[in-house]
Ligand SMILES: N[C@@H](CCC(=O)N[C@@H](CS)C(=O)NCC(=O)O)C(=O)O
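Consider the single chain below, provided in structure tokens and representing the form predicted on its own.
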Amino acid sequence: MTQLFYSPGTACLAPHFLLEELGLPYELVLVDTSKQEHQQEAYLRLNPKGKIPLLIDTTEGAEEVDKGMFYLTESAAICLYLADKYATQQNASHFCPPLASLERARLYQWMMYFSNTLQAELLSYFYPERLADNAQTAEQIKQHAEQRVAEMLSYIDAELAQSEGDFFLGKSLSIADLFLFMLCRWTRNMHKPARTYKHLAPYLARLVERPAIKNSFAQEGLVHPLY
């Protein structure tokens, strides 16, 4: 059985969306960060980094296997892994285009941009105290991070305008869409959230109506504003 260790609304959302989209059997395991469970011994034995999400899956031939179980962290990596392993089995190969194809290269490009650039800046916005020695500096870092996020969303909005379909990479839903939706949700309380951009607005409105996304929100107990 596949297990996804989660804390509501965190970086677990994109893998959660994907598990629902693929229709896979899985178990959600709550890690209560309000009780610091992600820093307690029981969880640290599974994920020494103490971060969320964590995926535990059955597999063969991997060094990390412990009694047939495979442990994987990092939200983008989990999405790529799940799509590679299960998408074809579930007749959903559009989640990850063929290896070495131009479509696959574009997917890599955007997954790296979303996770290494946009997500990283969002973390600076939410946790500015990690980069500052005092409250005043932390507030400045937060403000600058929000400005940079707005610039990134403008860039993404312009790229979305060039799409040849309803989704970011064209006519088919991909893991890039699920990951981007998660990050756009994190901007919902900013001065200029993703939902206010010309092309992102209808795009996000379409995605939020997908049963997989609705189910994930319901399971994690997330309420409006959803994005």
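These numbers were taken from a predicted model, which means no experiment stands behind them. Numbering starts at 1 and follows the sequence shown.
The same protein has a further form, the form predicted together with this ligand, not shown here; the description that follows concerns it.
Student: Please determine, with the chain shown alone, which of 88-96, 104-112, 131-139, 72-80 has non-hydrogen atoms within 4.5 Å of this ligand in the model of the complex.
Tutor: Careful reading of the contacts points to 72-80.
Student: Would residue 127 count as touching this ligand in the model of the complex under a 4.5 Å heavy atom rule?
Tutor: Yes, contact at 4.5 Å.
Student: Taking 4.5 angstroms as the cut-off for heavy atoms, does residue 39 touch this ligand in the model of the complex?
Tutor: Within the cut-off, so yes.
Student: If you check in the model of the complex, is residue 26 within 4.5 Å of this ligand, heavy atoms only?
Tutor: Judged by the heavy-atom cut-off of 4.5 Å, residue 26 is well away from this ligand in the model of the complex.
Student: Does residue 50 reach this ligand in the model of the complex if we count a contact as any heavy atom within 4.5 Å?
Tutor: Because a heavy atom of residue 50 falls inside 4.5 Å of this ligand in the model of the complex, the answer is yes.
Student: Are there residues in 166-185 with a heavy atom within 4.5 Å of this ligand in the model of the complex, and which are they, in order?
Tutor: Going through 166-185 in order - heavy atoms within 4.5 Å of this ligand in the model of the complex - there are no hits.
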